[in-house]
Every structure is written in C-alpha cells, then in structure tokens.
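Have a look below at one chain only, the form predicted on its own, in structure tokens format.
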C-alpha cells in the first residue's frame, strides 16, 4: 500500500487545483485518474472564467489574473468578456443583468449595435446590442490543466494516470485507503472530484450525490483575424477565440446519458455539430465562411439546481466531495482553495459556501431526473 496524506480521486481541473492548493500548504498529495489528467471536459471547454452568480466568484475574479505567476506556467488568461444579444428578449435580460452588476460594483458597459461591431469585428448588424463585462475573462483549458499538473508536481505531488479507482477501504468512520486495479493508496483524507463518475464512487461510501450526466459538444473553426477581446458569448453559445485565432464554441442542447464508475461509452460527433456551426455563423456573421476543423464530445455532470456541490462529509468524516456542474474550469482557482480549506480546516476561509452543501438536497424527490426530463433516450 502506498501512503499519501491526501488522495484526490479525479485528475480534472478541480482535482488538480485542489491538489496544488494542498501541496502549497505542505501536504503530501496523490492525484489518481482513470485516464490522462485533464483529458475530459476540464481540458476541452469554452474556457470562460466569469461565474458572478457563485459564492466563489470574488475569489475566482481575484485569482485568475495571478495564476500564470502563481503556477509558474502559462494559462493564456485574458480579461473581460462581451455578451451579444440576438433577440429583443435577450437584450432586455442582458441590460437587467448589467444594472445588477453596477449595483454590485462590477465594471460593465451596455453596447449598442455599432459598439458591438467595433469591439467584436466578426459580429454583424443582426444583433440587438451587447454587454461588455470588464471583469472575468477566459483562458486556455488545456494549457491551464497542464499548468496545474506541472505546478503540483513541482511541489512534490504525485499524479497517477490510467488507474481507475475501484473502491475504498474504511475503518472507524474514516476512509483509510483508495483502491485501484493496480494498487491501494493509504490516506488521511480523500477528495472525490471525479466528474461524471462522482455519484457512482460516492455511492460506494453510502452517500447519495444527485447528479445527471450529459453529453456536450464543442466545435473548433479555422483561424480568424484576431479580435480585440477574444471572449464573446451569445446565441446560447459559450466560447472564445484562441491565441491562434480559432473559434472554440459549444452550447447545448444536452444529450442525457448514464455513466458508471469506469466512465462513459464512446462519444462520436452528432448532428448537433451542424446546429453549433449554424448558430456561431449567426452570432459572428463575418466568420461564417470558416470551416469547422475539429469537434469534441465530452460528458458533464449536472446537479439538480445547476450549482456546484462542494462539501466535507460527516461520515466518513475525512472525505470532501466536489462536483462542479459544468462550471469547473472557470471556478477552479477558487474551488481548489475552498477544497484545501475544507480538508485542512473544515471550513472555507474566504466565503460562505454553505449553499453548495449536499444537505440542500435532503428532501429531493427520488424521481427528480424524470420530472426534469433529464433521462437518456432509449
């Protein structure tokens, strides 16, 4: 049996950030992943970092501009985002949200159509206006995952890949070891941040974590001329322009699937790719001629209310569960900090995250997925 003070199950962006934060505090950390770290949704997503509705937002906003320096590796983080309204209703909603940001002290500007076109040269005159968030931003998911992993290893952390967790050993109300097909890893504490596999793994500890897994898809286009601000959302799309000019975008609808502890089945591309390309051409008409050169399908876990779950259990009392409900990348600097605090101190030091606890689902109806229509198609 290998020994580690903290074993983290799941090498996505949340698990890696938590490991890095713990290693910064002098903790011996082992991250175990069924495949390659960051190879799922963590390394392939829209890259947004502007989750103002989360109790973790202020810490997210504080940390992202520092992450390249703190990690010692590039994340390609860029500040600011623009949200384009493609209907009168969206325009009304976005102006309402902009006013809310002003009351919270967040710098924001409302843009007319001409101002949208000036700020987003690939946009057309088919929009109703936009909102310029002079906060938040975006980063390169793959670069960021690499940065967390390398920074963790620089601090002495261990990363074990291609080694799926199969179960846990418990004694006296604690998890004492994490078992894989190849080895067991002794531990003082455990963090379960296994994305779509989280619910199945936690069930082995007798803990119900209500999650529904959905297949999501993204497209990547040929490079376009660089825009002044690469983070542009709208038309129910999320994404960014990469540092090489490619447009990387995704955005529903979800295809609900079942996932067990070993991971999802094959994820080939579907006709949704055409839907994404069509909406992107409408959002950015001056990029409509670009070819789609790649697509990627991944699996994202969703909680019933759409918010992350970050909690330290009372039994076993040395386990922290973290499921980010599709917003793990952007919140990762803050979620890793919060997980570090829960493991070492039992409470988050910088924000009240009680709203993210498992107890909020205590009275959840057993057929909650059916009632929401979040069921796989037979």
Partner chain sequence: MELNFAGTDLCAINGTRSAPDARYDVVVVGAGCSGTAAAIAAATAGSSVLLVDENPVSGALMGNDVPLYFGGRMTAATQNSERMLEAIFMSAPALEQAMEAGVEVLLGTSAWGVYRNGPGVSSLPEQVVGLADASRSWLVGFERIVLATGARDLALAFPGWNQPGVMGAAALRMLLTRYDAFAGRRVLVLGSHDLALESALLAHDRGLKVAGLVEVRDAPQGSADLVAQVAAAGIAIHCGQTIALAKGGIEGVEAATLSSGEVILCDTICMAVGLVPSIELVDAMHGPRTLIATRGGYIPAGEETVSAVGSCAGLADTGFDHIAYRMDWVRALSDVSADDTIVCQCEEVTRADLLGVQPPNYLARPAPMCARSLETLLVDGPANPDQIKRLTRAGMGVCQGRRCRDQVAMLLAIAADRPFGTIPLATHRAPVRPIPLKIMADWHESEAMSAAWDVWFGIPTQWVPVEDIGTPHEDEHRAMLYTGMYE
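Given the structure is predicted, the values throughout are model-derived calculations rather than measurements. Numbering follows the first chain given and starts at 1.
Separately, the form predicted together with the partner chain exists; it is not shown, and the next lines address it.
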Whether 252, 274 and 374 all lie within 4.5 angstroms of the partner chain in the predicted bound form by heavy atom: yes
Looking at the partner-bound form in the predicted bound form, is residue 306 within 4.5 Å of the partner chain by any heavy atom? yes
Quick one: is residue 161 in contact with the partner chain in the predicted bound form, heavy atoms, 4.5 Å cut-off? yes
Interface membership of residue 300, the partner chain in the predicted bound form, 4.5 Å heavy atom rule: yes
If we define contact as a non-hydrogen atom of the residue within 4.5 angstroms of the partner, is residue 67 a contact of the partner chain in the predicted bound form? no
Answer option from 113, 86, 292, 119, heavy atom within 4.5 Å of the partner chain in the predicted bound form: 292
Residue among 132, 174, 79, 279 with a heavy atom within 4.5 Å of the partner chain in the predicted bound form: 279
Which of 147-155, 182-190, 197-205, 165-173 lines the interface with the partner chain in the predicted bound form (heavy atom within 4.5 Å): 147-155
Those residues of 57-79 with a non-hydrogen atom no more than 4.5 Å from the partner chain in the predicted bound form are 72, 73, 74, 76
